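Take a look at this single chain, the form predicted on its own, given in structure tokens.
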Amino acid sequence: METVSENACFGGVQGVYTHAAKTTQCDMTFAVFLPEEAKDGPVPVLWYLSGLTCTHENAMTKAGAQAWAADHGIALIFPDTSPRGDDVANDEAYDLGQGAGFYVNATEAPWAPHFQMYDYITKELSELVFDKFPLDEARQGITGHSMGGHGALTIAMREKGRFKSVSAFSPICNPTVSDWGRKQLSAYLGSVETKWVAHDASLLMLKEGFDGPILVDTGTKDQFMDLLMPEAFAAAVSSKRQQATIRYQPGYDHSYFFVASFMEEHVAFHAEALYA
């Protein structure tokens, strides 16, 4: 692991780091915010997974999460959204290839050699950050925006017992049905749709549920509402009788202005679970 930068931030440190990842077979960049309390020992962790076209930097600079994380003594982890590099497969479309990993392990050419984002997030990067930073592995929450909201919900439900809480901003909720999902899942995982189920938050909710609190916010003026399909997730939550708060925020769209507006509430939501 190499340090790209470290800056004082709300009494703590905002760092950016790179490492040669085995799962993605390329160099990966990620960011970690450590609150002041980390000087004295391991602190709770909130993972933030970003959306289409984003890198580790978008949420790190736009979401305003560090101020609220510092208030609660919580660390933040901002991974990248895909493998990157000249040797990594890509596509001309913004929603496939580099910047659009969808947090799955690809099995199809040309994506399979590098696009192993599920294992990268849940295994390799996780092992690295808990080894290198004073983080409490027993107290983890996860959140994300758009494609990252999809990743947060699906990872939380699949990684049983790992996360105390999960939240999402404008998540892609039903990708096996939506055009934001069918295209990518077929490209990465192939045409057999039964393989897609493990990456659909609405279907996972019906099958698995989540042993903890869930918070989901979507803006009523989100320009991608028909692709996100939050109503499918809400129906699955109701059918499962899952503990969850699902909100439609009047007037807000899909942008980071929306994320920043409700970040304080999301961090406080996770803090309540992580310090319970």
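Counting begins at 1, following the sequence as shown. In this text the structure is predicted, and so the values were computed from the model without any measurement.
Same protein, other form: the form predicted together with a further copy of the same chain, not shown, and the subject of what follows.
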property	result
All of Ser126, Phe130 and Gly209 with a heavy atom within 4.5 Å of a further copy of the same chain in the model of the complex	no
a further copy of the same chain contact in the model of the complex: Asn7, any heavy atom under 4.5 Å	yes
Exercise: Phe258 in contact with a further copy of the same chain in the model of the complex, heavy atom 4.5 Å	yes
Gly41: touches a further copy of the same chain in the model of the complex, heavy atom cutoff 4.5 angstroms	no
Partner proximity in the model of the complex: Met60 to a further copy of the same chain, non-hydrogen atom cutoff 4.5 Å	yes
a further copy of the same chain in the model of the complex: contacting segment from 244 to 252, 22 to 30, 228 to 236, 44 to 52, heavy atom within 4.5 Å	244 to 252
a further copy of the same chain in the model of the complex - contacting residues of 76 to 108, heavy atom within 4.5 Å	none
